[in-house]
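Each of the two blocks below gives one form of the same protein chain as structure tokens; they are labelled structure 1 and structure 2.
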Structure 1
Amino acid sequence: MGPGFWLITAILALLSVGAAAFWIIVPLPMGVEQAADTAVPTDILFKVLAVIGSALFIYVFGYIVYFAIVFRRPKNAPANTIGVQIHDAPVLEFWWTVIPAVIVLGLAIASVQLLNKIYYTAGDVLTMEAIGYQFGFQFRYPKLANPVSEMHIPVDTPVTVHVTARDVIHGFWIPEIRVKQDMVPGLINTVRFTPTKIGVYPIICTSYCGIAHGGMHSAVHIDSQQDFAKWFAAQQGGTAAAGGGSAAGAAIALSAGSVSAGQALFGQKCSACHSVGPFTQKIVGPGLGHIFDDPDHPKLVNGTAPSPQDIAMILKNGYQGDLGVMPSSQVNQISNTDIANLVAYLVSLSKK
């Protein structure tokens, strides 16, 4: 091993312990609060990675310096001098394979568990949509016809947020909740968390989306249950006063729908998730080719009998259920005319 090897090893061990103590004791990330249940396990995983990464850096760098000094070429030796030849060290090779493998496996398990908590944990109470656009955010809530520019959620309530974008790729990041997800046009990504600390926290776009990207930000208000109820009631009152009722429930004129326009739009907006085959021919969602007369699916996902107006309302308002998430017309960026065209196309398919 060379002279002083175990002394150097002891020094490196002390440095590693010191680095580990720093990562464990110092609150990290500095100045960023923990405002949701996802923050605590995320910070723990970060600290574990920091401890392991620091130890690896200290030992690898330390041994490189040590061996470079101890086994350097003697001052008067010729340039082609052959150094100490060491071949095969089965015990050493076994441990430097097993130990990293166990560490990586443990980190992988912890990471997957955390991601499963953020993306797939069931039991959400409030489900909403976050939509990115150049250069801002909009948030849509059930029973609110109009979107809002800042996000409000009640404390200690499981929340599911479906995120997407209107134009280009954006990022949805709330540092205090430790949640970050891509907002991609035409794709619905999901994050889940339970807010635990009342306050106002920034929402930041993390993907460069254009010249005003630096100014693309909003805020999430984690309110008490009572304050959230008051805010939500005020939003509902404002909607009723402005529009005389919810536009989401109004009937859509379907008589002018164009089959050819609907077919083209189906290929652009719907074909990534739906086929034009029978209900059982699923891609992401079920096949829609015979939605009006398919014996395998006599009712729509919302439990109603299949009628053009009911399908139009699902396209308008979106739906979430056992089969997945159907985004609203605002998320899909389709107008009432587009909805009429899509319904006309679906009607034509059922007649074939």
Structure 2
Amino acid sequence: MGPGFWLITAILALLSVGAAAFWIIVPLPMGVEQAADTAVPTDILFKVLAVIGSALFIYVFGYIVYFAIVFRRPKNAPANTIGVQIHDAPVLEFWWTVIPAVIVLGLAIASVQLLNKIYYTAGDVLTMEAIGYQFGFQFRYPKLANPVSEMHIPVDTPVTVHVTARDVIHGFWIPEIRVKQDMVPGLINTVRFTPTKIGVYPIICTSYCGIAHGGMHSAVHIDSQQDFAKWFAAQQGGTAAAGGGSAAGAAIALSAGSVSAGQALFGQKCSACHSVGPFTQKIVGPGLGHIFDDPDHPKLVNGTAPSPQDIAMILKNGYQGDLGVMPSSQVNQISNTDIANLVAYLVSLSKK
């Protein structure tokens, strides 16, 4: 290794430092605002990757170009002039295996740490549901009987969004919040974050969903606490009284419900999240074995023990409770007949 090699090494080191400074100083390498707590760790990891990655690229690029220029065969040299006959250099190879391994391990550990922050942020003061359909988004809020087409969330409030879809797979992406989950029909994925900056930001579908996929976006309004309360009150005023599910639609005829059909359907649709054990035996939602007569059962609906019709309304409209979100029949894709069968099955369990 002659002086030229060390000179180019030094120049590349300077360039790498310059690139690192660029990534660190430029406030937002993605050029996208940070509107939630989740954006901070993501951007830090991005910067770390960018600093390491640009240094690696600068060295590979620089050395390759340098070698290709200085080791060119002179024009007047015969075509069979050979290069330095080196086969390997074990020490060098050891280090260029070990150093990347250490870097990769470090990155993996950092990613795991940050992932904890993203997937398990504290609390869920506001829990809501976002439903994708061809071609738009709907949002359901606790204590709002009907879904709304606008997403409003109060600033500085931990938010949990359960995302799912009605027809095909959609994507739920808010670039300013740096979170994305697929909205998969029949599956509920979860996004957690705390919005930190008031504003209106796009919600973009990132999974091809049909002809108008490119036009499928919506907006999230991050409001001040007061504005959110005002908006929410207006939504409540515009619909029937909140709280009980029974206000949200006509009663479902339950008399024709079949226990055996309900049992079969429970196995397909419900058993992924609900056991038929006692209420406290939770999978995702509570155990439903004694939903009508379990002493552990909290006041489920309007402070009274539930009637079969109440359960039917929860199956119809979905429910937002302390334990999480029960998706609506639209999301679960069950008909009124299915609901009658399921209620008949649940009633039969409680009688045992």
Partner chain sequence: MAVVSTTTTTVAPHAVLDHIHPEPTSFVRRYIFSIDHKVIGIQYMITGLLFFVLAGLLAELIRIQLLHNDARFMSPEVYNGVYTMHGSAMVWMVIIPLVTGGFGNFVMPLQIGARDVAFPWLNLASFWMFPIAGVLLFGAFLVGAPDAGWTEYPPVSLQGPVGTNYWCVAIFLIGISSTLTGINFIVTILKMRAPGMTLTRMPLFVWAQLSTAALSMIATTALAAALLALFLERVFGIPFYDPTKGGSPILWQHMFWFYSHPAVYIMILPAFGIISEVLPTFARKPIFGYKMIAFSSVAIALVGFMVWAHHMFTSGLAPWLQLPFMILTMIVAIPTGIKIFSWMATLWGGSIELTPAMLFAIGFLITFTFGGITGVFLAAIPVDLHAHGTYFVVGHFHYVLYGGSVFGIFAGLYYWWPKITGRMMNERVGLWHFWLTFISFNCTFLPMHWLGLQGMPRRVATYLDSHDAVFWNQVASISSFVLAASTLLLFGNMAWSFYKGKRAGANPWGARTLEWMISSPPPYYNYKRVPAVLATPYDFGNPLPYIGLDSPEGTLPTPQLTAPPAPAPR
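Take the two forms, superpose them, and find the largest set of C-alpha atoms that agree within 1.5 Å; that set is the rigid core. Reference numbering: structure 1, starting with residue 1. Just so it is clear, the structure is predicted and the values come from calculations on it, not from any experiment.
Visitor: Assuming the other structure does not fit, state which one is the form predicted on its own.
Guide: If we ask which form is the one predicted on its own, the answer is structure 1.
Visitor: Using a superposition on the rigid core, decide whether the Cα position of residue 226 changes by 2 angstroms or more between the two structures.
Guide: No, the C-alpha moves less than 2 Å.
Visitor: Superposing on the rigid core, is the CA of residue 63 displaced by 2 Å or more between the two structures?
Guide: It does shift by 2 Å or more.
Visitor: Verify the C-alpha shift of residue 314 between the two structures: is it 2 Å or more after superposing the core?
Guide: Shift at residue 314: 2 Å or more after core fit.
Visitor: Rigid core superposed, I'd like the Cα shift of residue 260 between the two structures in Å.
Guide: After core superposition, the C-alpha of residue 260 moves 5.7 Å between the two structures.
Visitor: Once you lay the two forms on top of each other by their rigid core, how far has the C-alpha of residue 337 moved between the two structures, in Å?
Guide: That residue's C-alpha sits 2.7 Å away in the other form.
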